[in-house]
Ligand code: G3I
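There is one chain below, alone, in structure tokens, taken in the form predicted on its own.
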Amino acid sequence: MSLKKAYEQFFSMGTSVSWSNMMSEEAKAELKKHYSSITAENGMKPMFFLDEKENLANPEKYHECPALHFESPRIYLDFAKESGIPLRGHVLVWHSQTPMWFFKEKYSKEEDAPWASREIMLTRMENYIKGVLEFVQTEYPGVVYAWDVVNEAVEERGQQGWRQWSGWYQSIGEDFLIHAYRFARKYAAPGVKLFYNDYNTFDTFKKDFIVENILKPLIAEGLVDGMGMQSHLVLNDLDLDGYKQALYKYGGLGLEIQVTELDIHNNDPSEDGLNKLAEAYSELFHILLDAKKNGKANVTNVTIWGMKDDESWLTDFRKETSYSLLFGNNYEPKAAYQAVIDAVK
């Protein structure tokens, strides 16, 4: 049974896709078989929309309204349109993979270049969001059903709160976030859902900070529809009870909950290691299903972050081979896949 078929009564099942996946007929067949949602792993992040060559060559012309290009995002949007698989937009405003020159006066790449003024950066933010949304909604109407508007605005290390070293915080201040949602709501087509997305959202301090300083103010203005729990987990450091409590807390706000970037790092490819991975996925999906059935959290999507093990970002990130996903290197279903299928039964 396919993942999307197994879970169609509860929530959509998604995966992240790369440029290489879009070049592979085998990958496309697997996408059509198993998934009812896709997310571009990298190709729709700000660095792929911002036209560096044009902006740096004509900084006065594009001082307030950055030049954009759309070659990279089209491959994902074209596939989503042709296959009929809805796409999550990821991401509009993020400190990472947004070039530092974008935040500087005259789009300067000099290391000590001054930050652009708050007023200019708010204008650039609005025009960037407007440009991306208008492109997608004009040329691919109905294809993108949700956007991660802001990603990873909170730094949990040392219970710091706002990620103060980000270009957005440095150039605008902490209210950059609420402005981003005001602009996104202003230009998003009716029915397109707006999410806040972050990692380690079950960390106690981070969870409480997100609820009080991000979600509640956005809810008060009607600017957010859902919470994105990335869910990059580690097999030998799991706290699924804490995860469940966080899920309930976000769900209690009345928002949609989407598990946006799920993987469970596992460095043990033995049968025992893969069975432990399967048990972890089983427990997690039981938590999600129970929350949905019992009204504790309105889970509307679960997106696995990668199609098969040898494509997982975790191998580079963790500096060791990660066997973290539902499918092996040749798309063969692993015990974790069967555990996810069995959980819904």
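Residues carry their position along the shown sequence, with the first being 1. Being a predicted model, the structure only gives us computed values, none of them experimental.
Keep in mind that the form predicted in complex with this ligand is not shown, yet the notes after this line are about it.
In summary, the region of this chain contacting this ligand in the predicted bound form, judged by heavy atoms within 4.5 Å and restricted to 285-293, 28-36, 41-49, 57-65, corresponds to 41-49. In the predicted bound form, Q97 approaches this ligand with a heavy atom inside 4.5 Å. W313 belongs to the set of residues with a heavy atom inside 4.5 Å of this ligand in the predicted bound form. At the 4.5 Å threshold, heavy atoms of D268 stay clear of this ligand in the predicted bound form, well away from it.
Shown alone here, R88 lies farther than 4.5 Å from this ligand in the predicted bound form, counting heavy atoms only.
H232 is the sole member of R182, H232, K81, R74 with a non-hydrogen atom lying within 4.5 angstroms of this ligand in the predicted bound form. A heavy atom within 4.5 Å of this ligand in the predicted bound form is found for exactly one of E261, D225, D203, E126: E261.
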